[in-house]
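Just the one chain here, laid out as structure tokens, in the form predicted on its own.
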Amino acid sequence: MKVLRYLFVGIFFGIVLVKSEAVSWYRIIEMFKFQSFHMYGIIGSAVILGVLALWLMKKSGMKNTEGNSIHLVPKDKGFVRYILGGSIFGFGWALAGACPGPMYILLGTGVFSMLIVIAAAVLGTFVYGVLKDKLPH
């Protein structure tokens, strides 16, 4: 039953992203060319909502779905790793026209060329797993 809840939330999230045009290749290209505020508005709204949600979770002592306390582990500091990782993510996003969430949404809307992008993302994740111990973290 719990899986169905997550499935329905995922379907709702996909519908919202499709209707807001956040998965539109044209909107993403507009964003990377600094021609439109549309995607920056969506991303900015998500960041603000995320900050408020985290603040509310900390203040209220909210529990997860299993009833356990939510513990947020502080991230390692490091300017270069975030710039490098963000740049790789951004280049992949610009080349594919979709970031990880919308890849599956676009596949669900019938853009079957996303299978190539999903396969490349899985391959990249596998390669990272193989090289993880050799990379500076």
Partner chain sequence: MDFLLKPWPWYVSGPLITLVMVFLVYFGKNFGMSSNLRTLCSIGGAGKYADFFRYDWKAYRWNLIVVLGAVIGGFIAVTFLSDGSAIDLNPQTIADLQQLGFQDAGATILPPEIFDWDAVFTLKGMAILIGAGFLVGFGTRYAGGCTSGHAISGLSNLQWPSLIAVIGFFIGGLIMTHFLLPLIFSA
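Numbering follows the first chain given and starts at 1. So that the term is clear: the rigid core is the largest set of C-alpha atoms that superpose within 1.5 Å between two forms. Since the model is a prediction, treat every value here as computed from it, not as a measurement.
There is another form of this protein, the form predicted in complex with its partner chain, and it is not shown here; the text below is about that form.
If we define contact as a non-hydrogen atom of the residue within 4.5 angstroms of the partner, is Lys59 a contact of its partner chain in the model of the complex? No - in the model of the complex, heavy atoms of Lys59 and its partner chain never come within 4.5 Å of each other.
Judged by heavy atom distances of 4.5 Å or less, which residues of 82-101 approach its partner chain in the model of the complex? In sequence order, Tyr82, Ile83, Leu84, Gly85, Gly86, Ser87, Ile88, Phe89, Gly90, Phe91, Gly92, Trp93, Ala94, Leu95, Ala96, Ala98, Cys99, Pro100, Gly101 come within 4.5 Å of the partner.
After fitting the rigid core, is the C-alpha of Ile88 off by 2 Å or more between the shown form and the other one? No.
For Cys99, decide whether the Cα shift between the shown form and the other one is 2 Å or greater, given a superposition on the rigid core. Not so; Cys99 is displaced by less than 2 Å.
After a rigid core superposition, would you say the CA of Gly110 moves by 2 angstroms or more between the shown form and the other one, or not? Moves: no, less than 2 Å.
Compared with this form, is the Thr125-Asn64 Cα separation smaller or larger in the model of the complex, the difference being 3 Å or more? Result: farther.
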